[in-house]
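The chain that follows stands alone, in the form predicted on its own, written as structure tokens.
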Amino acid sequence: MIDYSRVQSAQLAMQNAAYLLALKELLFQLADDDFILAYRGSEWLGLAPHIEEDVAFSSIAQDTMGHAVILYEMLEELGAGKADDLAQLRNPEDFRNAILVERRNGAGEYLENPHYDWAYAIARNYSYGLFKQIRLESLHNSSYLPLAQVSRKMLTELNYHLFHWQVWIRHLAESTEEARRRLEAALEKVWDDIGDLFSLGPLAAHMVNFGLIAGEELLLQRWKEKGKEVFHSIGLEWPGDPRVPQQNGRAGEHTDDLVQALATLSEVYRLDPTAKW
């Protein structure tokens, strides 16, 4: 005779396990995006065009890193591991950030002949910031209440960041011919990498079905609508649909740029992960 109560309990346990797996995967995407981009932002310290921008960019990078910390701590609460270890000790293939955020700022190293591309910094941060805004708005309705709640706080801070980058986009587009040319070239580079930003990875269907976040197509559609409106307002030609990079960061496929970034980020922590800082 079939014990239907045990069958239902088993089904519920499987559903809960699937929900937890999809939730963790989403949190890793959110955290890793912010963690890596915040690092790239920190590399502009002392190299921004002027002192006021140096302070502003550093502040934005600090806020972004703070968002990553909150998300890694959520993962720790869900049993994924210690938050610091999740950020510092995972292998590159375990990261779920998009390719766009891991790209170097330009030629050279921060401590050795840095020849960074300011137009690229603006194009990347604006494009990512607009996507993050769309994603956080979607998370307001997430079935995971702690994520829905924290997304509201993050969005408040992000709106200031996005306004900052939008002012810079307009400034570069409307100043000299060289500035506009460099901005347009930077946007082309961003468009080459931006495709997997909208990917939810292998567990996309589960994330959507469990009500964790809106689907990929809807996120992309909303991003294009807002982006086109801004581009049109400042006379910039819309570069078209984002192109899909050869690798998909959401599936753990990354470039050597991420390997370099993680080696630098974790160099001190790996010396003694048990140390108290």
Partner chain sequence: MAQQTSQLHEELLWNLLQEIKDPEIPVISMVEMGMIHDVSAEDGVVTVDVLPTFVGCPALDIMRGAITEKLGSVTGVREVRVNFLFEPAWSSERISDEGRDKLRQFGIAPPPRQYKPGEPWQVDCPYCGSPCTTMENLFGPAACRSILYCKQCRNPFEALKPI
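Treat the numbers as computed from the prediction; the structure is a model and nothing was measured. Positions refer to the first chain, counted from 1.
What follows is about the form predicted together with its partner chain, which we do not show.
Picking from 51 to 59, 230 to 238, 245 to 253, 24 to 32 the stretch near its partner chain in the model of the complex, with a 4.5 Å limit on heavy atoms, gives 51 to 59. Proximity to its partner chain in the model of the complex, defined as a heavy atom within 4.5 Å, holds among H206, H161, R104, R182 only for H161. Think of it this way: in the model of the complex, its partner chain has a heavy atom of just one of E157, E137, E93, D85 within 4.5 Å, and the residue is E157. Residue contact check for G211: none of its heavy atoms lie within 4.5 Å of its partner chain in the model of the complex. Looking at G66, you'd find a heavy atom of it within 4.5 angstroms of its partner chain in the model of the complex. At a distance threshold of 4.5 angstroms between non-hydrogen atoms, H171 is out of contact with its partner chain in the model of the complex. The closest non-hydrogen atom of Q149 lies within 4.5 Å of its partner chain in the model of the complex.
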